[in-house]
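In the form predicted alone, a lone chain appears below as structure tokens.
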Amino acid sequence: MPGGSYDQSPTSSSSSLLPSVFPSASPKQTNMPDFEERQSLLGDENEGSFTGRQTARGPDRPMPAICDPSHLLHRVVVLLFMCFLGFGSYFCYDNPAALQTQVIQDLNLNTAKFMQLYAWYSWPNVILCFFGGFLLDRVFGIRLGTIIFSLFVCVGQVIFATGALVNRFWLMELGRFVFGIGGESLAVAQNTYAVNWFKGKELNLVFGLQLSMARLGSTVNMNIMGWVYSRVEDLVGSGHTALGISLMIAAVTCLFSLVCALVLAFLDKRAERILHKEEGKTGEVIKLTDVKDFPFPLWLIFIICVGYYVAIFPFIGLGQVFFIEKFNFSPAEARAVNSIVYIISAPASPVLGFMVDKTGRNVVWVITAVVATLAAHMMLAFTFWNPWIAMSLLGVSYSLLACALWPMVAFVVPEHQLGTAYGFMQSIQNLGLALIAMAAGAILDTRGYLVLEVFFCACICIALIAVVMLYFVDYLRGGDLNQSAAARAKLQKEATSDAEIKRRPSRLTEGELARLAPMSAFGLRNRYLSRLGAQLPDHCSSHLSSLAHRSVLK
């Protein structure tokens, strides 16, 4: 397969030559020895060509299913590499959270400096969210772009680990910055591959599997990195050296993702050659001038997004020490409960997404998710109940909000503004995460975990106020965002029917132009006589024949 393309049937080229070069080169028309001799001669003539090799292979030996890009089995293999493409990025993103105690102790940091590691990841994505799709579409292409962004992730993690190894915190910050350049754009590339290889109902399942694999990467990181550090510590002793080696071991997952990017590039290039399809594109169209035309409900969605997520990711980044100090958990127990949000999200996201699709009422589901998240944070802040309860509730609500909030953008802006709207939403989300990460570290250093939890509750309250405002604004505007699934389906059906009716007159005008045109007196007389049963000469009935012919074609 690497040596040539299977974009033709095995005998397409050779069979086209047989009638002209060998008029009787068929086993049914000649003796078998003659046919075999001519086939061997044809193979010798085309020995250097791929078509000749295909002929020698024979028409009865089709391409194996696992090698055929149009076959489901081959696409399942592609999906496997596609899911692992982002595994390393998600595994290493939360390395600081999994090793929070070790990073702070081994490098002698305070919490504010520790949270800078998350802030430096977010800073480049304040800008790159607008240009990641453009770079993939217009500059690099999806295949080269995916490899480049995978390299950024891999190199960034190596720099990050090297900084810990030599005890240079500024080098660790540089590594997280480089890591961030590739991380978010790699997710865009992953989605582009999915759209290029899977269509229709398959695509929903593929997106669900990709999200589940991403959560799996975060979960494995949370639960295994502490054990890795302990094993390395037994060998080299505690300190920044053990930390650096542990982070370097984590970089192996990024290297694995880079290999997946290379394999995907090869398989996609091969499929393009065989199926004659175009290279996948993100389809994003970014026009910053569209921002001034964003409707008020979209700005409320932006506020909900920032207010909600800044109370999730920074909390997980600082959660391990919180559970150790407040609930007297062991480090292993603290990492386990801290990762439950990702564990629940992996299977729950596809299920909750299906539920939202079937019921509609997106605004109501967002309100439910925000209220549940607020309740979870209040339980963690003001009670000593088992934290597994609050964190499990947080995991479900986090998954529900993602399924209900992000699709609403498509309901409030036209299609040509979707790229700009989603880019802007991701940009301000990363800006909020960077700022709140630094603020959360400073609050924890000066005020403690109780004030930090109150701060997170305040952020959730801002999101709750915004979503309640969105409910009433949407109600005053007709309730498009909070429609049921049945109402949306009915509205879409009516819109499709209206579009069909608008297109129909143009087709009728072209198809029945002669029938709608005024007839001459001679033509009217002939039609009248023909209806009476009078026999008309052939030269007088031509117009009627043409009308009948057009009517049949219509």
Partner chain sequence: MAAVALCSSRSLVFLFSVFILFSGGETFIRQLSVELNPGSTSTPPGGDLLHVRAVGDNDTLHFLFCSQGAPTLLLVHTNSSSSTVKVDWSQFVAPNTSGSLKVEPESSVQYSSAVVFSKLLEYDDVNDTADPTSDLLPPYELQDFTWSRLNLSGPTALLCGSAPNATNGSLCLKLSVFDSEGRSQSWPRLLHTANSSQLGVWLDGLLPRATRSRFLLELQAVGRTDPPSRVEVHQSIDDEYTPSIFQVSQWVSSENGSSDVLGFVQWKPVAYRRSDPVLEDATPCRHSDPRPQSGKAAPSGLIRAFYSDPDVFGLNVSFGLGGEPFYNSTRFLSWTMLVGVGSPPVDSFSPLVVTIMAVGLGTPVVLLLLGGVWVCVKKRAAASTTAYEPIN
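Numbering follows the first chain given and starts at 1. Just so you know, these numbers come straight off a predicted model, no measurement behind them.
One more form of this protein should be noted, the form predicted in complex with the partner chain, which is absent from this view; the next part is about it.
Three-residue candidate spot Leu109, Arg447 and Met469; every residue lies within 4.5 angstroms of the partner chain in the predicted bound form by at least one non-hydrogen atom.
None of 323-331, 128-136, 401-409, 211-219 except one has non-hydrogen atoms within 4.5 angstroms of the partner chain in the predicted bound form; the exception is 323-331. When the partner chain is considered in the predicted bound form, only one residue from Cys305, Val206, Ile147, Ala381 comes within 4.5 Å through any heavy atom, namely Ala381. Checked against the partner chain in the predicted bound form, the candidates Ile181, Ile367, Ile142, Ala250 yield a single residue with a heavy atom inside 4.5 Å, and that residue is Ile367. Interface membership of Gln105, defined by any non-hydrogen atom within 4.5 Å of the partner chain in the predicted bound form, is confirmed. Though the partner is left out of this view, Ala187 does not reach within 4.5 Å of the partner chain in the predicted bound form, counting heavy atoms only. Looking at Cys457, you'd find a heavy atom of it within 4.5 angstroms of the partner chain in the predicted bound form. A residue is said to contact a partner when one of its heavy atoms sits within 4.5 Å of a partner heavy atom; Ile428 fails this definition for the partner chain in the predicted bound form, lying far away. Counting a residue when any of its non-hydrogen atoms is within 4.5 Å of the partner chain in the predicted bound form, the hits in 458-476 run Ala458, Cys461, Leu464, Ile465, Val468, Met469, Phe472, Tyr475, Leu476.
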